[in-house]
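Just the one chain here, laid out as structure tokens, in the form predicted alone.
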């Protein structure tokens, strides 16, 4: 009785396949064993010896907004002066360069609560559980910056400030302006005399906070 060659090969290959498949299932990091380059490390593969590659000249990321520097930087112009650190002194946008609508404020509140409120507090006053654990430099109250231009707040969210990191990777341009709009709303809401509110709003506040 003859044995089919394909059947023999399948029987011999089955155990090997089983080992490879079981390793793949039991060890999800198995794929990471393949050769790869790591960031900021030298590389023998490229002629310049660098593992990290620069984008092709003249290209921009698909998500980048162009032809409107005020929208993407928060800076309207420069004064012509130079700061002690060598940077040009900017004139920040005095108005939010996108329509401030209820939808924008809803988006701003959502992104603020997720990204900013953890440290700066739900009311923007710096009162948060995370902020209280920061002994080196607690996050400041955003109400102290009520007189700063919206473009300044946008730039801080984009590039960071002091111990605060940049959030440009977490928030798109539109989301950053939405957060700026919501921060402005927080600043106004915490500094409006109750007597200046309409009767309907006062009744609503009394019902929510008896």
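Not measured: the values here are computed from a predicted model. Numbering follows the first chain given and starts at 1.
Separately, the form predicted together with a small molecule exists; it is not shown, and the next lines address it.
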For the small molecule in the model of the complex, the stretch among 98-106, 80-88, 136-144, 67-75 with residues bearing a heavy atom within 4.5 Å is 136-144
Contact test in the model of the complex: residue 50 vs the small molecule, heavy atoms, 4.5 Å: no
Indicate whether residue 46 is a 4.5 Å heavy atom neighbour of the small molecule in the model of the complex. no
Spell out, yes or no, whether the shortest heavy atom distance between residue 179 and the small molecule in the model of the complex is within 4.5 Å. yes
Do residue 185 and the small molecule come within 4.5 Å of each other in the model of the complex, heavy atoms counted? no
